[in-house]
Every structure is written in C-alpha cells, then in structure tokens.
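Only one chain is given next, in structure tokens, and it is the form predicted alone.
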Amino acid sequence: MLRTDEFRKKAKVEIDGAPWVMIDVEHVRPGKGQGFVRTKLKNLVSGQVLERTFKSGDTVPSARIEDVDAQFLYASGEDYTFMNNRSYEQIALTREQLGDAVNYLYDGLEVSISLYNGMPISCDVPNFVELEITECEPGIKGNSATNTMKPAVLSTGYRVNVPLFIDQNEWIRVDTRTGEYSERTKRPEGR
C-alpha cells in the first residue's frame, strides 16, 4: 500500500482492479483544512488518462508489475514476438501495446517488458538505438555547418530528418524518447 506522502511520478498503483502509473503528482497544503494530493494517472493497459485527488493520509494499493528483460524476435501482422531472456518463453505484444516503440524494433534488440499479473502490458526500448538509413538523397560535402535537414527512411521503415551530409547505407543513432536523429555512428558489431 502507498500512502499519499509516498506518491511520486512513475509510481505504479492499482485502482479499480487496473494498473495505473502516476504521470503528475502535486502535493497541496492549504492554509486552512486538510492537505491533499492532485494526481494525473495513465492506465497501463488502455492508455486512458485521468485526474484524481486524494486526501492526505489515504492509501492506494501498489500495482504488482514485473519488468523482464527480453529480446525482439519477429513481427507477424499486428503481433510482435519477444523472448524472455531468463525463461526463454515467448511474449507477444500488439502494435497498440508497443506504441512508438514499434518504430525502433530490429532483430535482437534488448527491451524491458512490463507484466501485470503475468500478462504483458507495455515495452520500453533503450533511450538510443543504432539504425541503418535505407533511403535518402545523396549527401553533400561541406554542409555540416548548417542545421538544414533532409528526410530519410531507416531499416525499420521509420522516417526521420537527418543532416544534409548523411548518405544512404550509413548508420545513425536515434533518440527513442523524441524520435529524432542524434548522431552518425559506425555499424554495430554483429549487425
């Protein structure tokens, strides 16, 4: 059980039999009367967002969410299959459950999958991934000083803007939190 004074961002709680994560927490102590906590919660299964206020001293059960390390294996239609690194069991997630993470998945990518009562509910990819550019206009030498960008298609099919000096078949690092180009890199070993 979590007391209101233990509420923090990213705390996972169970409300009405469903797992929720706190995305915003504001502790309010008015001059008169009892303090309270204003929260914004996101349902980890449906993605629904709601605001809820708790009185000071209230308790909420914490959600029993297990995070497991897994490896991306393959995609089949709208289903994406991963392998649990400890038990070698296969875990299937839908495109909807993956959200933006689907843009960065490649064979062998190490991810963290959240399980609620043994059922997969979400997937976290690393903050940065290295991907190859499969389509892009030819690079132009000497254009590294400007901030001008051009569109490129990555090996996963994701479209990203890259600097003018980047060529097709080069490898780049992409920030998965923003979906933007980070830097040019060398081909990772084993890929």
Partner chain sequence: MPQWIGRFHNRSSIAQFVEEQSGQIAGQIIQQGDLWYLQDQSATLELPAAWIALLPKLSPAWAAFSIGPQKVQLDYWQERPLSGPLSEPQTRRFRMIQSIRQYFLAQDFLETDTPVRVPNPGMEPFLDSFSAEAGQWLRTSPELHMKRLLCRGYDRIFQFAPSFRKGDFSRLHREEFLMLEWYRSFSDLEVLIEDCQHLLNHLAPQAKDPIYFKQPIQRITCQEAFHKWVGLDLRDHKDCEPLRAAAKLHNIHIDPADDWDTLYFRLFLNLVEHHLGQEQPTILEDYPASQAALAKRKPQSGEFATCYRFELYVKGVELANAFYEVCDANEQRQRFEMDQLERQAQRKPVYELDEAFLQALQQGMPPSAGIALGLDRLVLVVLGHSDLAEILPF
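Quick caveat: nothing in here was measured; it's all calculated off a predicted structure. Residue numbers count along the first chain shown, from 1.
We do not show the form predicted together with the partner chain, though everything after this point is about it.
- Contact annotation: of the candidates Lys150, His27, Lys40, Arg64, the single residue with a non-hydrogen atom within 4.5 angstroms of the partner chain in the model of the complex is His27.
- For the candidate set Gly157, Gly57, Gly33, Pro138, a heavy atom within 4.5 Å of the partner chain in the model of the complex is found for exactly one residue, namely Gly33.
- Note on the interface: of 65-73, 159-167, 130-138, 47-55, the segment with non-hydrogen atoms within 4.5 angstroms of the partner chain in the model of the complex is 47-55.
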